[in-house]
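The data below hold one chain only, encoded as structure tokens and taken in the form predicted on its own.
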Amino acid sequence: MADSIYDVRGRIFDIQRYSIHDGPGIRSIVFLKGCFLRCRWCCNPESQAYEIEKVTVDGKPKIYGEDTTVGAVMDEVMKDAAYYRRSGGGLTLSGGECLGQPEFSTALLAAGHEFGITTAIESTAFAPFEVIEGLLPHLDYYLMDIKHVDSEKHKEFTGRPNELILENAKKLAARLGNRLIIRVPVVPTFNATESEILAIARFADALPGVERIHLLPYHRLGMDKYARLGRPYAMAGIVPSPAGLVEGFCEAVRRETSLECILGG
């Protein structure tokens, strides 16, 4: 057992600074290794396996994943402390899925609060609620992916059904209210129709306290990573939706629900 939260160890694959899309203010995003889902469109395939992976990029070796401590991560995160304090920003955990490393994630969030910065996670909530519950005392914002309300289609495109996700969304809303923000990747052939987006929005609108939903247009920025990992990209023939189509979905959400709908992160 670690002597303090700063000694707790975990596995990450990146730290991204100066983000303005993953919670309020200017934030640093810590990307954790390992995920429970296998979304066909995932733009971070290097996040899916918990194992450290070695690939070749432009003839040079590259390693996806490193073992580190909370203290080492916070040393990097707090380089931008002045920006957090001016903007209300802070630390966001992403992945992968941070609930796959609950001890490490909880310690990171607790450290963020000790340093006086806001904390957030990007998560599908695909985990037993008691795992999620352990993070909540140290969490300011939960950015929760809800990808579809139809469980069979969810399983077809992500490898997992969605009953646990939707049930946890209800429990989280009861705890967090407007600090729970719903995010929807809008993916052609999966959920990029007005009826499917509205079904998700109506579910979100019925959650107590939830006020915001973000629609995140599908993109192919991570496609090259699949070749490096020796894996096929399942969405290779799918092109992103026109920007106007996704904006139209947002307009429908605003018209049909009480939610604030935001296009993008």
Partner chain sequence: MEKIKEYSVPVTERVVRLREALYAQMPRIEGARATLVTESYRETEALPIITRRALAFRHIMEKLPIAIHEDELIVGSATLRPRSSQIFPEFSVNWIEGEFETLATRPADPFEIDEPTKEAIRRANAYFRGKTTSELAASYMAPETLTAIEHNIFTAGNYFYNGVGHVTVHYDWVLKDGFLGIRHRAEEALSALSVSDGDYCKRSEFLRAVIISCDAVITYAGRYAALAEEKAKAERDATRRAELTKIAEVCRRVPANGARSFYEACQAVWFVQLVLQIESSGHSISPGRYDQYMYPYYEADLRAGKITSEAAQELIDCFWVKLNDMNKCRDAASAIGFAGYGMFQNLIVGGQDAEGRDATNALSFMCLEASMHVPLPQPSLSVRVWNGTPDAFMMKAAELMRTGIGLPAYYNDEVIIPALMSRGATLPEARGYNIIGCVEPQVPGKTDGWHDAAFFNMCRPLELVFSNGMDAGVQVGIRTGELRDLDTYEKFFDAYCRQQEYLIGLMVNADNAIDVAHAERCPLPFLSSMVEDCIGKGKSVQEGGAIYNFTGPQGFGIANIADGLYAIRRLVYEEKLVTLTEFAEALRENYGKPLPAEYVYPAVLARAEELRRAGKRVGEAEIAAMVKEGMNGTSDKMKAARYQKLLDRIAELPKFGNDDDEIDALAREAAYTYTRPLEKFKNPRGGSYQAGLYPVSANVPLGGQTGATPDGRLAHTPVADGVSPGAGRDSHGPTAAANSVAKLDHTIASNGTLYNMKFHPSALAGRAGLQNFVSLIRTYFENKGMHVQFNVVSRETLLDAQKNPEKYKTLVVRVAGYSALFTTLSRSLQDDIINRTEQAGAK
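Residue numbers count along the first chain shown, from 1. Predicted, not measured: the structure shown is a model, and the values here were computed from it.
The same protein has a further form, the form predicted in complex with its partner chain, not shown here; the description that follows concerns it.
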Quick one: which of 133 to 141, 75 to 83, 109 to 117, 150 to 158 gets within 4.5 Å of its partner chain in the predicted bound form, going by heavy atoms?
75 to 83
Answer option from Phe36, Tyr233, Phe31, Tyr64, heavy atom within 4.5 Å of its partner chain in the predicted bound form
Phe31
Which of Leu207, Leu216, Cys42, Ile26 has a heavy atom within 4.5 Å of its partner chain in the predicted bound form?
Ile26
Would Arg9 count as touching its partner chain in the predicted bound form under a 4.5 Å heavy atom rule?
no
When the contact criterion is heavy atoms within 4.5 Å, does His21 count as touching its partner chain in the predicted bound form?
yes
Under a 4.5 Å heavy atom criterion, is Arg254 part of the interface with its partner chain in the predicted bound form?
no
Check Asn178 for me: does it contact its partner chain in the predicted bound form (non-hydrogen atoms, 4.5 angstroms)?
no
